[in-house]
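Only one chain is shown below, in structure tokens, and it's the form predicted on its own.
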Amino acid sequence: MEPIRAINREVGSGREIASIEIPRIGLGVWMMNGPNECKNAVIDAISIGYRMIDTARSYGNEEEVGEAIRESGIDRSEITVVTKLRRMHAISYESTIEHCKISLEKLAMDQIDLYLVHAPPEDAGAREPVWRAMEDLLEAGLVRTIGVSNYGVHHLRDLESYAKIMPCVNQVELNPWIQRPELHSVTREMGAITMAYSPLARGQKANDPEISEISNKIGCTGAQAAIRWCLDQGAVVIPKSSDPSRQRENLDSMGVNIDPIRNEIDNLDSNHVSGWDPTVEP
């Protein structure tokens, strides 16, 4: 599948401010905290063709991501690096600038390809200055593009009221068990891409007998069917795995055709939240 273009647009005019080409599947590295677990997983993933790595300050492994990319033998310009402003740091304009620079230091990089606000700041009064800092980071060239994560419809609508530049991505939990049609639709209407994390509900559905039975009809795994479902929604998907064979299985989802079983997968929606869900917070 061809990469998808993520665009930051000026509010009002719709003028393009910045953009990047994002691979349709990337590697998520949440909870990879064992000795060299993250580093080895990133090196393995890059070796088989992954070209996007999704980390975050709160994951505690930005250093290993940077090390792995440098040791991979692949030019830095070919790899999309995504990281996120930790919620506890999303408290002011100054804190946002400071912690972006710290992430750059940890990654040992001059620029972050896609920088996300990890969740709507808990202090609603901080949301505008935090986003203003994100816009200024973009203008200063410390980041190539900016976006958000775990923003619900009301958060996006509110953002639109004070932003100069709209986010190019909203990263949320999206999978056959939590399909979020309204949130996905509003994200697209605002010119952003949905980036789907936890396509298997944080592994809770990895061995789900129902999707396994459905996917067997077309000769793919349940994981591949779930990932392909996300891709077919127009989302970018970032499954987590430190197992090279599972990484390959996930990447091969791009070659799967779920048309014969799509209706059955659509019927799996149960609003199953696998963990943290700030999209429903005030």
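Residue positions are given as counts along the sequence shown, with the first one as 1. Everything numeric here is computed off the predicted structure, so don't read it as measured data.
The protein also exists as the form predicted in complex with a small molecule; that form is not presented, and the subsequent description refers to it.
Problem set entry | Listed residue (H89, R180, H118, H155) with a non-hydrogen atom within 4.5 angstroms of the small molecule in the predicted bound form | Filtering the options by heavy-atom distance leaves H118.
Problem set entry | Heavy atom within 4.5 Å of the small molecule in the predicted bound form - the one residue of L138, A126, M190, A201 that qualifies | Here the answer is residue option A201.
Exercise. Picking from 180-188, 106-114, 143-151, 68-76, which part of the chain touches the small molecule in the predicted bound form when contact means heavy atoms within 4.5 Å?
Worked result: Partner-contacting stretch among the options: 143-151.
Exercise. Does the small molecule come within 4.5 Å of any heavy atom of S215 in the predicted bound form?
Worked result: No, S215 stays farther than 4.5 Å from the small molecule in the predicted bound form.
Exercise. Would W229 show up as a contact with the small molecule in the predicted bound form if we use heavy atoms at 4.5 Å?
Worked result: Although the small molecule is absent here, W229 would stay clear of it in the predicted bound form, with no heavy atoms inside 4.5 Å.
Exercise. Any chance S242 has a heavy atom within 4.5 Å of the small molecule in the predicted bound form?
Worked result: Residue-level check for S242: yes, a contact with the small molecule.
Problem set entry | Close approach of A206 to the small molecule in the predicted bound form, 4.5 Å, heavy atom | Output for A206 is yes: heavy atoms within 4.5 Å of the small molecule.
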